[in-house]
Each structure stands twice: as structure tokens, then as C-alpha cells.
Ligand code: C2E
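Given as C-alpha cells, the chain that follows is alone and in the form predicted on its own.
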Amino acid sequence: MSSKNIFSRSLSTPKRLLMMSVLLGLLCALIIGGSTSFWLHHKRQEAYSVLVNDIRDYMSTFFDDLAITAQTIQPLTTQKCSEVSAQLTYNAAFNVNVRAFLLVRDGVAYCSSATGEMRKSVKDMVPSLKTNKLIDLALISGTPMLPTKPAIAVWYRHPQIKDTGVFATLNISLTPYLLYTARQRDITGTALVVGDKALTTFFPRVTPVTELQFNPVRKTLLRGYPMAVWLFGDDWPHEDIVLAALAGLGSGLLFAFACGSFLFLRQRTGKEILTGISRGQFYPVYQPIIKASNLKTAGVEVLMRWQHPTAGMIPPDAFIAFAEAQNLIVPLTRHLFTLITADASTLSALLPKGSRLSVNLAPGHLHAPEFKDDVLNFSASLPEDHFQVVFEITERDMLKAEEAPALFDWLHQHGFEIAVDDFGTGHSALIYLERFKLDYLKIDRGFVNTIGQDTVTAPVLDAVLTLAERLNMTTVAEGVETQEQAKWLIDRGVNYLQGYWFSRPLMLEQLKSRDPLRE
């Protein structure tokens, strides 16, 4: 026994449906959860990029404004401290985050906006600062007045005079966007990096870059300044994982429930057809077939109806199409054979010998292994040599071209006739006529309805009748509802007529009271 059969037999049908629903739900949860996770990751990465660019733009704007101020101060470097200290102090006071401006001449700071006259080498104060550059930055642990508060040292060299320029010290509070922005929740930390030193939100002091234990999620350089901004964050934060898991779980549960409901309903509907068969909910009706030459009854077409105990009358198109889709058309057709057999003796008393007994036959049953036995058993159950059985092949499913000719020959050999039902409405009508030997062509009611109307499809009916005549096929028109239609069809040589103008489909008791039934 194959593993598939073992698996199928080891579980009851409800368990299989439950397991299938759970597996589909799990697959949905994985897809939705994974997609949500990657979407959140993508959005977070975009937020990081926006944040770091905003910080860079803010700081670049600040340093550009500071450079403009330094440029206005540069001419003061050629004057004495006593002459310019007041102006120097004024500039420092009106520049946010500036601790002090220092004037430097020959590499020596000689005037401070904070302390006035002084004399100290820039190299001694900030050894890493390169005064030969036009602009340079350094991170320092503190200044003389605030020795424990880290600061940023900025150098602006005089454009013409060597080792002369403006030296500024800045408070770390120059970066409120960096440290206190409302988007701080998106990151775990930030760092300003100059050379091999960093000022971070993790430590209150200037820290060597090598001591940073985390890798930044974003880095950006300030335009025109030797400083970088680093952002630290979690690429896959806990809140994103939880949100993705909840999205996946919710979607999975809903999808599993939907799949379970669909599968159960599908199985239930299939079971209801079988239950309807076993409980006698199906019954046959008979629609008379009228011979055009004398307007007498020449036979009946047998149709099936389903009276559901709770849903009421189920439309034939609905339950037959479903039966075909669920591979239940064979038991349904067998049941119809049984119902016809039960009425056969009464039918034979109502209809003359040789009357046509037309029964719909789906391609799915025609190609079933048990088809020939079903047909022979059905034929044997009818009154001997009383009815001419006609099987009407429906076009809902395609015939198998390699099998159908042999099956049609077999039917003809055993005295059955074959009709193509609802000609022109399916996907295979002309193929049927080209490939297979058929006895009847049943014209669909859609073409009959065009009689007397100037429509695009009206000329098609003339073409169909001409085709049937050339193929020497007997024609049956369905859906004849008016005297005008009946007359038009008779004048055009149609052999048999069917429709409400003559009779609706009748139950057996109604068929008994119809007069006349005999020729």
C-alpha cells in the first residue's frame, strides 16, 4: 500500500479537512508574517535613512552658519585682543551652542571671548587639530571653564595668513535633533565621529571608536567637514517581530477558517447529492418532443429535478455542474436511469412503440470505465423494443477525441442514437460535427429566441439549419415558446420541436393527463 493510501485511510475525512485547513493556514501565516516582517524592515530602513539625512542636513546648516560667523571674525586676528574682545564676546553670545571664540595668530591663541587675553598654543590645547587645513574638527574632553563637559573644537584658518585663524569650542547641545528628536524611538543610540574618537549617547565622555561595541545601521558624512554621524539601531526590533507574528497569526487563522469552511461546504454539498439520491429527493420530469410534420408527440426528453428538504428546488444547472465538478455525475446519472426504469411501464402505456426516450449524458460518464455496463443495464430494464433511446451529449466538458469515436460506434451497434445537446452554446459544437458520427442536432433555445428579431445572432440559425441539412442530421429545436417560432421552424424543415408552446416538463402523473399523447 502506498504512503498516500496509508495516510488517507489513517485519518477520517473531518480530520483530513482539519489538517488541510491547518496546513493552509500555517502556510498563509508564514507568507503574511514574513511579508509583514520584511515590509516593516524596509520601512524602518527608510526611516533610518530619512533620520540620518535630516541630522546631516541640520548639522551641515549649523556649521555653514558658524563658518559665516568665523569669516566675519577673521579680520580681527590682525588686531590686539583689547581692541576686539568686546566684539568677540558679542559674536559668541549670539551664536547658539558656542562656548567660546578664540583668535589665533602664529599658532597661538591670544584672545578668548570668554576670558579675554590669553596665550596658549593650539597644539597644546588640541594636539589632533591640524591648523594647516582651512577647516578641521576635533572632539575634546572639556574646556578650561568646563573641564568635564565634552565639546567640539572647530578650526577656521585665515585664507591668507599662515597659522592664523578662528578657533571655536561648541557645546554638545548643538545637536538637539540628534539626541532629543521625536524620532529617537527609532534608534538605540547616536555618535559623532571625528577621526578615531566618538561622542556618543552611550557614554558621557569622548570615547575611542574601537570601544564602540555595536555596528551602526547608518553612517553619513557632513559635507565639507571631517565629521561623520552614526546611527545605532536594531534591524529586526522586538516590536516589529511581534507585529509581524500577530499579522501572520491573524491572517493564518482567518485563512484556515475560510479554507475549512469552504472545504467542509464543498464536501457537505457533495454528500448532500449522495444523501439526496439515497433519500429520494431527486425525481424525473418528461418534456414532450413534437414531430413537426403532424404536431403529434414523438417521444419525451427525461430531465432530473432536485427538491431539497430545506433549500427547496435546486436549479438543474447548479447541481449538475457541481456533480460533474465533484465526480458525482456517474452516480447521479445511474440514479436517473433507475428513476426512468421505475416509470418505464407507465411510459410505454402512454407513448407508442418507437417513441424517442432522450436522456442527457455527460462526457464524464461516457468516458467512465463502467459506462457500457450502465447503459446495457439501463436498456435491459426498459420494455423490450418499445423505446428508441437517444443519448444527448452535453457540452459542459470536452469529449476525449481518441476515445469518443469507438464509444459512439459501440452505441450505434447496440441500437442507441446520439444527439449533440444545446448546439452552438458550448466550446466544442463544430468539433463534434466534424469528428463524430451523430444522429441529432439539438438547436439551442438561444438561437430560437432570435426568430423574428433583427439581432446579430439571427442569421446564425439559418446557417445551423443549412449545416444540419448538408450533414443529413435530424434537427430538434428547443425552447419553442411562440406560434411564430414554431411556424418559422416548421417552414425551414426542422424535424422535431420542444418547448413551452407545446408543453412544459411534466411529472409522470401530469403526463398521463395530457391529451393527445398518441399519434
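One rule holds for the numbers: they count along the sequence shown, beginning at 1. Quantities reported herein were computed from a predicted structural model and do not represent experimental measurements.
The form predicted together with this ligand is left out here; the points below concern that form.
- [ ] Although this ligand is absent from this view, report whether G25 comes within 4.5 Å of it in the predicted bound form, heavy atoms only.
- [x] No, G25 sits far enough from this ligand in the predicted bound form that none of its heavy atoms falls within 4.5 Å.
Open item on the list: Residue-level contact is defined here as any heavy atom of the residue lying within 4.5 Å of this ligand in the predicted bound form; does R305 satisfy this criterion?
Closed with: It does: once this ligand is placed as it appears in the predicted bound form, R305 has a heavy atom within 4.5 Å of it.
Open item on the list: Taking this ligand as it sits in the predicted bound form, is D136 near enough to touch it, meaning that at least one heavy atom pair lies within 4.5 angstroms?
Closed with: Heavy-atom contact with this ligand at 4.5 Å: absent for D136.
Task: Heavy atom of D57 within 4.5 Å of this ligand in the predicted bound form - done: No, D57 stays farther than 4.5 Å from this ligand in the predicted bound form.
Open item on the list: Heavy atoms within 4.5 Å of this ligand in the predicted bound form: which stretch in 30-38, 63-71, 475-483, 488-496 meets that?
Closed with: That would be stretch 475-483.
Task: Non-hydrogen atom within 4.5 Å of this ligand in the predicted bound form for each of L103, D124 and D163 - done: Judged in the predicted bound form, none of L103, D124 and D163 sits within 4.5 Å of this ligand.
Open item on the list: If the cut-off is 4.5 angstroms on heavy atoms, which of these, V194, L361, I418, V217, is the one near this ligand in the predicted bound form?
Closed with: It is L361 that has a heavy atom within 4.5 Å of the partner.
Open item on the list: Within 4.5 Å, heavy atoms only, which of D317, E211, E117, E370 is in contact with this ligand in the predicted bound form?
Closed with: Filtering the options by heavy-atom distance leaves D317.
Task: Partner contacts for 490-505, taking this ligand in the predicted bound form and a 4.5 Å heavy atom cut-off - done: Stretch hits, in order: G499, Y500, P505.
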